[in-house]
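Here's a solo chain for you in structure tokens, the form predicted on its own.
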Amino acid sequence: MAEGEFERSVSQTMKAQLALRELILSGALRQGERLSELAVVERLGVSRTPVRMALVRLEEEGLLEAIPSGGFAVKAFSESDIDDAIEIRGALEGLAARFAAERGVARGRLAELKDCLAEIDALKGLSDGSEESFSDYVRLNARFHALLHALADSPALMRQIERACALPFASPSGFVQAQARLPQSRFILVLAQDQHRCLVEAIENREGERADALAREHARLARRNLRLAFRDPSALDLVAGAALIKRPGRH
């Protein structure tokens, strides 16, 4: 395959993957809905080979599941499924924090984490539920976790963390946006920020076990947010991929 042709193929695959992911996360493709290559080709206007590759990649991400008779179906997630995904992500982040603490981190890289914490501290409007402030928090929270993952200096571990975070509601910011409509949000955000700070301290002090435990416990805040969001459908609707979640009382 010529270089230009290969690049066009990759581009078309990415285009199909992004378009399909958006259809799934928005609920335009429903839980359990079956997808065939030909149907997706017609819907997206992309050729068959890139569509086939996009479907396989979304299965690897966990958004689709292969059907034995052929094709794929949009996956649905129970509360237990999400708990497991969050726990796995927490275990991997804990390992990243342990690696960082035990191997040591340069002052400049720790300073980046501390600067990110300072930016979060400076946010205004979180306590009164400003959705703009929550959007800023989501961005900074994602940055904090990305910096944390990078401190491990382990490409192999980074790949596993990326896979664990591929499901939007299992990512570090999965349920944060929903907090803008939850009355308990202020308490949870203060707790999360305190855990951030303790995690940085543990890494700086070379306390591997403590850093590991803190990262795991921090991830479990997402499980608390999920349960709170289940009580308020308007909050859950702010979660990316909420259309895939089996809500209590719904069949």
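As the structure is a computational prediction, the values presented were derived from the model and not from experiment. One rule holds for the numbers: they count along the sequence shown, beginning at 1.
Missing here is the form predicted together with the DNA; even so, the following discussion is about that form.
The DNA is not drawn, but in the predicted bound form it has no heavy atom within 4.5 Å of Pro168.
Proximity of Ser234 to the DNA in the predicted bound form: non-hydrogen atoms within 4.5 Å are absent; the residue sits far from the partner. Taking the partner from elsewhere, Cys198 is found to have every heavy atom lying beyond 4.5 Å of the DNA in the predicted bound form. Not displayed here, the DNA is approached by Arg34 to within 4.5 Å at the level of heavy atoms in the predicted bound form. The partner is absent here; in the predicted bound form, the one residue of Ile188, Ala213, Val46, Leu226 having a heavy atom within 4.5 Å of the DNA is Val46. With the DNA left out of view, the stretch that reaches within 4.5 Å of it through heavy atoms in the predicted bound form is, among 38-46, 189-197, 22-30, 217-225, 38-46. Contacts between 61-87 and the DNA, taken as any heavy atom within 4.5 Å in the predicted bound form, involve Ser69, Gly70, Gly71.
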